[in-house]
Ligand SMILES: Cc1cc2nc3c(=O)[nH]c(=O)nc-3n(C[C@H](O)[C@H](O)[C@H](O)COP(=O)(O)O)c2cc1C
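The chain that follows stands alone, in the form predicted alone, written as structure tokens.
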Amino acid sequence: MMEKPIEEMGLRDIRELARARMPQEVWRHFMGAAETRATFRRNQRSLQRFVFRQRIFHDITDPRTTVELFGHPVSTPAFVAPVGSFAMIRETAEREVGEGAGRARTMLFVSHAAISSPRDWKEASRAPIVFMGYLTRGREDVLRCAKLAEEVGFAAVGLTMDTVQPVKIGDRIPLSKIDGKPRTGHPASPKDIEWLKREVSLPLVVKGIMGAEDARVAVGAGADAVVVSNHGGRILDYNRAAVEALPEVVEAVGRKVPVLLDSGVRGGGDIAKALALGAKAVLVGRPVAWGVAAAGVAGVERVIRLFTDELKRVMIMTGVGAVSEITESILIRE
């Protein structure tokens, strides 16, 4: 049977094609989560507990999905998450993700764990880019990359700070790309945020926040945005879902800085739910990996546009004309 064009594929089609095209060990890496995978499953299950309040008597036919972050307007609140393992799919995958993000006119978060340098990412993508550093690589290398990101014109830099313990896939700690040894953790300290804030002039993002107290500490230390994330279920088994932590983080710091949601987003409906609960935008990780594995640049662009089209559909069916107007009133919690 002939394969459908990527422009006609839904996410389930893209996922199955990616699974067929990825080596089995690479698929296991991308789909893996810590220990029993309870947090991984909870991320999606918790989003599914919200349903929409339909409203049809209005004249909204083309809702606006544009958002602005750090002075950069983009066409959608579906951003690309900072995945460090795209290059496991194939050698050119990071460049393809960068180009796909640019074509989809979204924001691209890139990981310190990626193979590409900030300069490589900038050359690959027209998208506004945010560099996310890992302190496990050492302050010196974080600063080197952050300064380069600043030099080449990134939108922001940041720190992924929840790797107090290393990520796990099942009961295994993956090996480091640097020395081939099991990955290590790094203590989280507000002093690290204060340090990077002093060293760069770009806005500073802190990722890995799962509660009000940590959110207040991060913003107090200088964070210009926070990302609510449980690292896709790869750090702490039986953690709360990211969407369960989102409302208290928004309440604690949402009037001061933008709050983004990462972990568990699998469609435009999930984006609408996150925005209704106070998020400015969401980060999309595994689905982007499926897109690049399935069809390269076109696959990445398709995933982001598919999610954006699904978001528009929800907005029309709930009577909302712009993402900035989405509120909790469109949701019913089952």
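Note that residue numbering begins at 1 and tracks the sequence as displayed. These numbers were taken from a predicted model, which means no experiment stands behind them.
Only in words, not in the display: the form predicted together with this ligand, which the text now covers.
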**Report entry** Location of this ligand contact in the model of the complex, chosen stretch of 145-153, 95-103, 115-123, 230-238 [non-hydrogen atom, 4.5 Å]
**Finding:** 230-238
Query - Candidate spot 73, 277 and 280, all three touching this ligand in the model of the complex (heavy atom, 4.5 Å) - result: no
**Report entry** Of 34, 284, 292, 272, the one that lies within 4.5 Å of this ligand in the model of the complex (heavy atoms)
**Finding:** 284
Query raised in the report: Considering 260, 206, 130, 83, which brings a non-hydrogen atom within 4.5 Å of this ligand in the model of the complex?
Result: 83
Query - Proximity of residue 30 to this ligand in the model of the complex, heavy atoms at 4.5 Å - result: yes
Requested in this report: Look up in the model of the complex whether residue 264 has a non-hydrogen atom within 4.5 angstroms of this ligand, and give yes or no.
Outcome: yes
Query raised in the report: Does this ligand come within 4.5 Å of any heavy atom of residue 160 in the model of the complex?
Result: yes
Query raised in the report: Would residue 136 count as a contact of this ligand in the model of the complex, using a 4.5 angstroms cut-off between non-hydrogen atoms?
Result: no
Query raised in the report: Counting only heavy atoms, which residues in 13-28 are within 4.5 Å of this ligand in the model of the complex?
Result: none
